[in-house]
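Coming up, as structure tokens: structure 1 and structure 2, two forms of one and the same protein chain.
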Structure 1
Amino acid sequence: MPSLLQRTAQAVQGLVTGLGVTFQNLARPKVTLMYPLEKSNVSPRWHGLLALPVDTETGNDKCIICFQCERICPSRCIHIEATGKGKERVLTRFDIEMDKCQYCGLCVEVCPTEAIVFTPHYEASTYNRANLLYTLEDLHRAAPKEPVARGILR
């Protein structure tokens, strides 16, 4: 059993170590952001809100209505409807229930035409759950104007 002197020495050593860490951190620059006045910069590959970019050359949806994203979604938050047959098919509904979305990225990875992408937007809080249902028009509006990061970097 350690003596009183040994226990006191261990306590003082622990106190000195803790104060050393504290004083080292006092000298470092602060990393606190004054949110909402300052916004955090996120990586372009960050899993933020989803969007459906429109093809700039044709002005049409990039979505070829293959239903891959709807099938692979583990939370079943993507709902797609189309009219027509074959190449005449037209996308009539593309809804994402963002309150159910897990932001797993499977829908983005499986899309063959990169028609569904993540945006670096992270402010999606709302007081009404109905505002978290993103329709086709909402997803087009949220699409980034510049190209997004691709899946494989070369």
Structure 2
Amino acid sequence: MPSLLQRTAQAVQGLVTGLGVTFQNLARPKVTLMYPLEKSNVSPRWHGLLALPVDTETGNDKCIICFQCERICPSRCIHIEATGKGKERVLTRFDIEMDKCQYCGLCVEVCPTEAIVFTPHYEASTYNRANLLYTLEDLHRAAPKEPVARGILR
């Protein structure tokens, strides 16, 4: 067992070594991102909020109402309803419960027409949970203007 003096000397030496390593970092470039002022570039594959882009040519939904996303969703947070038959089938309800969604991307993967896409947005904090139920209009509004999301790019 080393004496108290020796142990103290060791501790001081350890402290000096550690602080030496620490102070080397002072000269290194800063890594902190000033978030609200500057934003990080999220990757194009980022699983952000979901959106339903509108077909720019026809002005209609790209959704062909195949219910595949509703079936694959592990959280069961997509609800689709439609009326009509055959080619006249019209989407009457397309709700995504964003509070239940787990952003896994399976719905985007199975969609045959790339009607449902991820947007690179992630800021959707709200005071009221009811705001997190995204209806068809909300999803249209959230759709990216440029093709940035994964479903479009592929």
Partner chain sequence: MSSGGPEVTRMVRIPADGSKTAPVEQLVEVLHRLPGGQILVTSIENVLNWARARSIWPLTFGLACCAMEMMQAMGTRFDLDRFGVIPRATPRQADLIIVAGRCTIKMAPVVRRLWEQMPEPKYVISMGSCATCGGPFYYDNYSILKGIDTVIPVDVYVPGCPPRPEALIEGVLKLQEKIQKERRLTRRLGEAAPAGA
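Take the two forms, find the largest set of C-alpha atoms that superpose within 1.5 Å, and that set is the rigid core. Note that the structure is predicted; figures quoted are calculated from it, not measured. The first residue in the sequence of structure 1 is number 1, and each one after it adds one.
The first of the two standalone chains is derived from the form predicted alone. With the core held fixed, the Cα of Leu133 is displaced between structures 1 and 2 by less than 2 Å. After superposition on the rigid core, the Cα atom of Leu15 is displaced by 4.7 Å between structures 1 and 2.
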